[in-house]
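Taking the form predicted alone, here's one chain by itself in structure tokens.
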């Protein structure tokens, strides 16, 4: 194989080989089979260099590759990014692709031995496959799997997601979405839904998270995992945040008309917006203009966006707190936030990622990890919201052992438009 077609570190095929292989498969695969893609992205393991020395991450990555490649002998395995890999496999069922992905995750749950130390590395896996081969290109198929991987990453550690966004991911459609985003905000194609947060102690909804949705007039529903990165790419994330704050102000007025004066609303705050030089001034202006001062508004910051250089980050959080708003660390447990950060950052809540809740009634270790996070939060006088409560069994365990918690999930409230959510509160 030509050297330019081989990754220098791992010896795996590169993207050029992957693309050529996919083109061949898409033209030759039998009608009873389909082409499947697994897009695997490992967590950033460069932090191991601090403990084990320069280039330790490369040695660890090589060990990971050697472990994983033993799981499939009849598939192409290619490296297409620093921590990004793609598996291409002919298959007859989606279940076979899911099973293969689960085997990879199971392998990652076992510790990796490195320099007489046991290390754990997590990953997110997105799956895509062909259904209508006449309309699928190699680039489109890889993009489908990549977007699914991003969605898996948002759900927590070691998650698997099967692509459902086939119609959105061509290069032409991505360019169109980038162009249409500003108009979507102006024309209110992008709208907002609310997912309630239920408190066990009071047996009532005490808050809600505001989530953006986009219904494109031609392409239909565009998932947040697609349009939020595009908004960040084309500079529309700040206007979208402004629109979200105006939406929050409107909802607070509706809540107060119903006598709910202490109800809280939370908004995801992208790191890119948070660190803009003008953000605090803009927030202060909007707070005055839309009567947000004194309202129970919380900004959620994704744990994995907390930077290595913390002084300016901490200072910005303090400025937001000075305006009277609260702060939460979202998806807690999926990143590398240390206890020191929680001690010195001016945060009020941690939202425990759903990966600690799913199946908690079956796995004692998962229960003990969840309990340790709750105990730590109690010791630091932080409020806790448990995300992703979706089954009665999960709910029963949490309610029995943690009867002071606030929970968020489909069991209590699916995301719904403002009027439907207000009806839920009334009932």
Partner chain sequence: MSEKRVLIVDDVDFNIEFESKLIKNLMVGFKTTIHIDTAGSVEEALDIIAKNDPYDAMIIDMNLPDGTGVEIAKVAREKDESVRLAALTIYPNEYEKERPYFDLFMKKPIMVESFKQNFVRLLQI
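Numbering follows the first chain given and starts at 1. Quick caveat, the model's predicted, so the values are computed rather than measured.
Note that the form predicted in complex with its partner chain isn't included here; everything after this is about it.
Using a 4.5 Å heavy atom cutoff, none of 102, 108 and 155 lies near its partner chain in the predicted bound form. Stretch-level contact analysis of 320-328, 221-229, 180-188, 200-208 against its partner chain in the predicted bound form, using heavy atoms and a 4.5 Å limit, identifies 180-188. For the options 271, 285, 114, 72, the residue carrying a heavy atom within 4.5 angstroms of its partner chain in the predicted bound form is 285. A heavy atom within 4.5 Å of its partner chain in the predicted bound form is found for one listed residue only; from 236, 162, 249, 119, this is 236.
At least one heavy atom of residue 290 is located within 4.5 Å of its partner chain in the predicted bound form. Contact annotation for residue 129: none of its heavy atoms lies within 4.5 Å of its partner chain in the predicted bound form. Although the partner is absent here, residue 174 is not a contact residue: none of its heavy atoms lies within 4.5 angstroms of its partner chain in the predicted bound form.
In the predicted bound form, its partner chain sits beyond 4.5 Å of every heavy atom of residue 150. Interface residues of 388-427, taken as those with a heavy atom within 4.5 Å of its partner chain in the predicted bound form (partner not displayed), are absent.
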